[in-house]
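Quick setup: one chain, the form predicted alone, written in structure tokens, and binding and motion questions come after.
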Amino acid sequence: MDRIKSVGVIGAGMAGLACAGALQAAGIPVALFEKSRGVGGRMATRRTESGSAFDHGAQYFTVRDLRFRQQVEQWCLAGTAALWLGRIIRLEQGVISELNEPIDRYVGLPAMNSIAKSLASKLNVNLNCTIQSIHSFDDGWGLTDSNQVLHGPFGRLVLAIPPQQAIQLTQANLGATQALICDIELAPCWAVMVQFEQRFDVPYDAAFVHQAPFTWVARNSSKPGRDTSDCWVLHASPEWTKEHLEQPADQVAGQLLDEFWHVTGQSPQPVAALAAHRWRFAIPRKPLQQRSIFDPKQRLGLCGDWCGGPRIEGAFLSGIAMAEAILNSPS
């Protein structure tokens, strides 16, 4: 293996952060580039002017893999993650039923993005930095951002972004890799954040919703470390979201709040805050079986939760697999 002088990673969600952390631990300089103002991707938290917070992206994470379990235990010991012990049920046409599944669900502490912030604190992360084009040179990759600033060269390049964005950024020049990812769909999701003036009195903290415009509703304030104001997050189904994808956010928020009263069978209650956020690339449909993709000839890799499993655990393991592929790549 040739000596890898540096690696550039585009995307500071869980996959990108895990990849960068593993490479840096192996002694390789890494630079992360993130178009948003914060890290974590859909491990996101929105705060209101009143100080209330909503985990409006990923709601929790579970553990199946031993390596990820060891990492989660470290997060819990460090105080950046904790078990969520809220009552979670199934809700279908107003009928409540128990899940009857022994699954531990974890959340970031005191917010979902706390884990990502902790991981990023040890890395070289460039926020609010949109990479508009990439260029391959003899000695690596160069990146140009939206301000026409050049970054690099990097000996290896990782795209920890949705496959559609990867194809666009590489100008559809991914060779055999493109055939693997071109049909992968990441379904969109409208997320509504609502804060009630008084506690919304239902006998559960979250629900998987069936046969409704929603797939999920949750009392965000039931999670450990959150403030006491009664804040809820409502996730619309991919089908409903697609039908209303380009609708203004305030209209979406109002429509889904009306649906929320109907789904829960409750009378409308006074609302202190209401907003909606559109996740254009949210839930991977039919993700790849492999954890990551790396082309040693192009010195280019791709990873994300669309590789190996559409969960936070899947994103973490995808990033680790990407780092291992780079470390083991031939010259």
Ligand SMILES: Cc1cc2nc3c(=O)[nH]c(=O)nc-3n(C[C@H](O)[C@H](O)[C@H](O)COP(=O)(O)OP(=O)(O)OC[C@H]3O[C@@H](n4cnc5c(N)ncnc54)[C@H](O)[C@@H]3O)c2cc1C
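Keep in mind it's a predicted model, so treat the numbers as computed, not measured. Position 1 is the first residue in the sequence shown; the rest follow in order.
One more form of this protein should be noted, the form predicted together with this ligand, which is absent from this view; the next part is about it.
Put simply, residue 31 is far from this ligand in the model of the complex: not one heavy atom of it is within 4.5 Å. By the criterion of a heavy atom within 4.5 Å, residue 119 is excluded from the residues contacting this ligand in the model of the complex. At a distance threshold of 4.5 angstroms between non-hydrogen atoms, residue 158 is out of contact with this ligand in the model of the complex. Under a 4.5 angstroms non-hydrogen atom cutoff, this ligand in the model of the complex lacks residue 293 among its neighbouring residues. Not one of 89, 192 and 222 places a heavy atom within 4.5 Å of this ligand in the model of the complex. Stretch-level contact check against this ligand in the model of the complex with heavy atoms at 4.5 Å: of 265 to 273, 285 to 293, 32 to 40, 46 to 54, the positive one is 32 to 40. Contact annotation for 216 to 255: a single residue, 235, has a non-hydrogen atom within 4.5 angstroms of this ligand in the model of the complex.
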